[in-house]
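We begin with a single chain expressed as structure tokens, specifically the form predicted alone.
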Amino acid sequence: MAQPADRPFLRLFVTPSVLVAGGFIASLAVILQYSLRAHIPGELEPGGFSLGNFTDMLKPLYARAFVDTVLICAETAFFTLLLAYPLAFALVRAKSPFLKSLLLVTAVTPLFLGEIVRTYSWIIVLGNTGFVNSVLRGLGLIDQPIQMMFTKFGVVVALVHVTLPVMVIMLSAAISHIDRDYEKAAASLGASPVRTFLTVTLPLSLPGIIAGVTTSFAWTFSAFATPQLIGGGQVSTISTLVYQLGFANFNFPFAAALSFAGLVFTIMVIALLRRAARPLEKMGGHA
């Protein structure tokens, strides 16, 4: 085992991470202490110690926001997986360099666009006079525009676009590490291409699927700009409620409590997902 003297640059490389972690912990401490203070209407300064902010979260409005956020995250992760898996599979298995480059550019381009730019693009697409409704009306399929803005459907569609690149990258890494000899062996034993995919390729790619779904879920839980702009205040999530409470009502203690509870809730949900998916991950690793 290498001794610290054998790694002279270890402290230099670790120091930035330690400083960032220290700043993150200090920020969480400030948020926590704000969440334990009472809100004084009309005052920016919080009052004394109080646990009322956490008990108020049990009210139907805020409890529903947690449920809606989890549902939006789950739907986003599911539909992202459905779109990303074929794209990642084609990206890894395509033989044409041009097709590989085209798929790669298509998959990762959203990463180079800011979240605001992506969201405004979807506003143009999903609006009542936007691209989708204009095409449908031009084809004579509808008489009145379909309401897609300010709905959960519109929020999920835009969030899928946000999380798609990361999901494709993770799935591509998992699929590229699959030994093709397993698939050839299944084919030589008479398995059809569909059965080979379902019994060999898909199980072996489970670690990438689990990592992609978990990352997509966590990323969506903290998304703000997309739910705020696409939802237009009609779709409540934890992040939009924090904004409304903190910057519209100046109820910083309750916003801090909601933020801290959202962080703890995210960690709990991800831990449960990882625990539930552990048997599948082991099966994928030993398939």
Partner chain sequence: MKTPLLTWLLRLVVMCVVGFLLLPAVVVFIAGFNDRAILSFPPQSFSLRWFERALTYPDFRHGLRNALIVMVWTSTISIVVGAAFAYALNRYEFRLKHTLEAILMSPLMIPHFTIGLGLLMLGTQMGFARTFGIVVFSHIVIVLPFVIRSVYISMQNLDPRLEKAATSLGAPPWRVLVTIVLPLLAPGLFSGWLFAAILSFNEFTGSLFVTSQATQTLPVAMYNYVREYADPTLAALSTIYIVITATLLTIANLYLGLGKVLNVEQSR
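What you are looking at is a predicted structure, and each value in this text was computed from that prediction instead of being measured. Positions refer to the first chain, counted from 1.
The form predicted together with its partner chain is left out here; the points below concern that form.
Put simply, L229 is close to its partner chain in the model of the complex: some heavy atom of it is within 4.5 Å. In the model of the complex, at least one heavy atom of T129 sits within 4.5 Å of a heavy atom of its partner chain. A residue is said to contact a partner when one of its heavy atoms sits within 4.5 Å of a partner heavy atom; S236 fails this definition for its partner chain in the model of the complex, lying far away. Among heavy atoms of L273, none comes within 4.5 Å of its partner chain in the model of the complex. Not one of F54, F66 and M148 is positioned with any heavy atom within 4.5 Å of its partner chain in the model of the complex. Contact residues in stretch 115-140 (any heavy atom within 4.5 Å of its partner chain, taken in the model of the complex) are E115, I116, V117, Y120, S121, W122, I123, I124, V125, T129, G130, F131, S134.
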